[in-house]
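Next up: a single chain in structure tokens, the form predicted on its own.
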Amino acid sequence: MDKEMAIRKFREIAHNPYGYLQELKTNTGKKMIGSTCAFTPEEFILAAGAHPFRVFGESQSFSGADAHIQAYGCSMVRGMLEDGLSGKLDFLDGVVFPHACDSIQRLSDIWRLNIPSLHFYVLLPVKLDSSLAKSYFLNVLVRFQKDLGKALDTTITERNLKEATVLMNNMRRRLIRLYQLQSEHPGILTGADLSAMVKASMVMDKREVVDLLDVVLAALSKSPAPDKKIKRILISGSVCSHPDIYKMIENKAAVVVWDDLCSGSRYFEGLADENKNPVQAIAGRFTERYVCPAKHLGVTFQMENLKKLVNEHKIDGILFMLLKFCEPFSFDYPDIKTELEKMEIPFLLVEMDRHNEVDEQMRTRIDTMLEIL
């Protein structure tokens, strides 16, 4: 398989993730365990012999979900519930609900009452800089290990958990390297392809992901760097599921060289320490790596992390993609805006729903920011 075939497979799975998962279940007979957030400790699901995947919320309308969630609930949560109610997830055996935000927490209750499936709740600490955060989360993971093993009628051994930790780290290392190549050689991949590869990695068999990424990375390491001047863009926010936005940016001689997204770098950022007990290593990764605004790691941490990304990747401009009614990200934005104005870095806030098309008004605003650069 060559690079183009590997990338095409990533694109196809990102376009139809549930079709891939249904086929995988038919072929392997594995239990399909969904997750609603990048904070899900997938290593335990792998160690239990099941398959972890991200529930994205693929539904275009929310007629069923709107009977249970107010219209001002974020479109990601409403979309996930609609997928479950509409039968799109009939292949699913269970769902893990980390305590990511209030909306996910409420979705957990509604799901348990309306959709028949195994139900797991992982109550992550909110204040991660507390001296008790790691020990608390360690106990949460031990309980999750027991509950998951009991529900799937298996024993999650330390050996299996260690192997799963190594596998997840191997995938993360390759995704990190993929992003590094995009930063070192802007345009070596299109933004849409890079986004599709991360999305597909969230649903695919992890060994298959590693094999495909090896093909892509081997080819990219031999590819000549694009020889053109470009503006370096960072996309920040919760999710960006709009390939048109990447194309718009690239049409203006700019490239997304990094992102700060739950559907991007937050999924694979940070490695678990393979020299430690695997439960301790997984707890350490989740409490030490970069976190989303739904968690607390100091008042200025979000802004400091953004400054670090700007400096490391020589960012010329930032595009904030915020889901409507996503309170954690909205709460942080005013302080970030003030700091970026002091730094004189051009930025643009784009607020939209999960499945909104890029309309002319939004296109004009993005074009204007890129022309200013």
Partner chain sequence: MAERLKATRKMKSIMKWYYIEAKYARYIGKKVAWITSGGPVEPLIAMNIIPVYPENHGAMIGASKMGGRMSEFAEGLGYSSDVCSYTKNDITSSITKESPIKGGLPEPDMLICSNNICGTVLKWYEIQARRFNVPLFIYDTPFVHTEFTDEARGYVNEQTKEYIKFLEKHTGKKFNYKKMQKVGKLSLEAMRLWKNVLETAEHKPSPMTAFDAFFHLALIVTLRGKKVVVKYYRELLKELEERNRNNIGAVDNEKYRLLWDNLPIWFRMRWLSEKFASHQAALVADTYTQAWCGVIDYIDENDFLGSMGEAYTRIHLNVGVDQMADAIKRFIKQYDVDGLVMHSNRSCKPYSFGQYDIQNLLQDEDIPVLMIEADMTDERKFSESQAEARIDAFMEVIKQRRK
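Positions refer to the first chain, counted from 1. Just so it is clear, the model here is predicted, and its values are computed rather than measured.
Omitted from view is the form predicted together with the partner chain, to which the following refers.
- Though the partner chain is absent from this view, in the predicted bound form it lies within 4.5 Å of a heavy atom of just one residue from E208, D214, D109, E269, which is D109.
- The contact with the partner chain in the predicted bound form, taken as any heavy atom within 4.5 Å, belongs to N139 out of T155, S223, N139, N251.
- Within this chain, D66 lines the site of the partner chain in the predicted bound form, having a heavy atom no more than 4.5 Å away.
- At a distance threshold of 4.5 angstroms between non-hydrogen atoms, L181 is out of contact with the partner chain in the predicted bound form.
- Put simply, A50 is far from the partner chain in the predicted bound form: not one heavy atom of it is within 4.5 Å.
- Taking the partner from elsewhere, L113 is found to have a heavy atom lying within 4.5 Å of the partner chain in the predicted bound form.
- Here the chain stands alone, but in the predicted bound form its contact with the partner chain, taken as any heavy atom within 4.5 Å, falls in 329-337 among 22-30, 329-337, 308-316, 41-49.
- Within 4.5 angstroms of the partner chain in the predicted bound form, the stretch 296-326 places a non-hydrogen atom from each of H296, G298, V299, T300, M303, K324, F325, C326, taken in sequence order.
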